[in-house]
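Just the one chain here, the form predicted on its own, laid out as structure tokens.
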Amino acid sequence: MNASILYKDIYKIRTFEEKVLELFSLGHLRGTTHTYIGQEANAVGVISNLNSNDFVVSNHRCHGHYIAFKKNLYALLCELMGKSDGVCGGRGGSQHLCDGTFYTNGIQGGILPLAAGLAYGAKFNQTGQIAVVFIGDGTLGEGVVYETLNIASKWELPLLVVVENNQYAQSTPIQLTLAGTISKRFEAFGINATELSSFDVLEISNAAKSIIDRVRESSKPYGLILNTYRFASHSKSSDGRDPAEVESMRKHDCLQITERLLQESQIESIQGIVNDEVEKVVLQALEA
């Protein structure tokens, strides 16, 4: 995958969400919002290898997944503003998006059986589609996760479960919530899993391509564990993490890592195009 294409999507997610936080502070958004800042390489690396008719099921931190898959900034921003031009006519808000084969829900754990059902339908109808579901480390405390992994394994469903382990379940560190390992949870159900601690979108993309091809060809579930980190707070609440910890993790910023692969002229060109696009979308959405 071309590094400049991946960088453009990462930068687009980052720029859009920074603008979302600004608009929220000015009172233009409804409800709350959970930004994806810091984790963009995961969405871009995985979704860049999917077909447009594959299923993507996301969670409360869904903007990055949506932008990487559907790329419709205007519809997303209108949805966050509660406007009729939004993805769901302004009714779903930040956490509940339904657009073609893209679905999100704020109920953690509940999205996994939905994704399994979509994978079952694809297998039953022999469409060649697969389903990819993005969950967090905090979701692993829900019993329905393990019921679904069991069914997915027994029925051999074309399902990829991506665990974005950003080390915190809202504000609680993973050390206080998770016994054992994440990979062993997949192995217990006879599901292979790959664990990757990387902020390099090319590395994530290459691993995801191999796994996605395997899921599609074998029609069997697979787990991809991405150890990651978010820079922004959980939502609009105060952040209980040590500021020094957050700052120390910025040396792993996927945006800066990808920039090292590009020429300065490429970076400036991409940033200019994206900045213009985001500004136009904001003006259009405010006037909608």
Partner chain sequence: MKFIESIRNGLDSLLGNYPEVVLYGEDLIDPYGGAFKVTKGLSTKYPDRVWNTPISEAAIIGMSAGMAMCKMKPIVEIMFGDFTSLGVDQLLNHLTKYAWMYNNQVETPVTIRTAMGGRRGYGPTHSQSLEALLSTIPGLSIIAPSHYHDPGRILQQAVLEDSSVKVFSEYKLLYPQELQTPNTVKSGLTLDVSSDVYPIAHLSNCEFDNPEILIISYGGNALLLEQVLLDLLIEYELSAQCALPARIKPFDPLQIQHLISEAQVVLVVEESPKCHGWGAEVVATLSEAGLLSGKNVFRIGSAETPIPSSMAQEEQVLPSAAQIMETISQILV
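Numbering follows the first chain given and starts at 1. Not measured: the values here are computed from a predicted model.
Not on display, but discussed next: the form predicted together with the partner chain.
| message | Only one of these stretches, 133-141, 213-221, 112-120, 196-204, has heavy atoms within 4.5 Å of the partner chain in the model of the complex; which one is it? | response | Stretch with heavy atoms near the partner: 112-120.
| Looking at Phe189, Tyr74, Tyr168, Trp155, which is the one with a non-hydrogen atom within 4.5 Å of the partner chain in the model of the complex? | By the 4.5 Å criterion, the partner-contacting residue is Trp155.
| Hey, in the model of the complex, does Val87 get a heavy atom within 4.5 angstroms of the partner chain? | Result yes; Val87 sits at the interface with the partner chain in the model of the complex.
| Is there any non-hydrogen atom of Leu97 lying within 4.5 Å of the partner chain in the model of the complex? | It does: once the partner chain is placed as it appears in the model of the complex, Leu97 has a heavy atom within 4.5 Å of it.
| said: I'd like to check something about Asn125: if you look in the model of the complex, is any of its heavy atoms closer than or equal to 4.5 Å to a heavy atom of the partner chain? | reply: The answer is yes: Asn125 has a heavy atom within 4.5 Å of the partner chain.
| query | Taking the shortest heavy atom distance, is Leu178 within 4.5 Å of the partner chain in the model of the complex? | reply | No, Leu178 is distant from the partner.
| query | From first to last in sequence, which residues of 144-163 have any non-hydrogen atom within 4.5 angstroms of the partner chain in the model of the complex? | reply | Residues within 4.5 Å: Val144, Glu147, Thr148, Asn150, Ile151, Trp155, Leu157.
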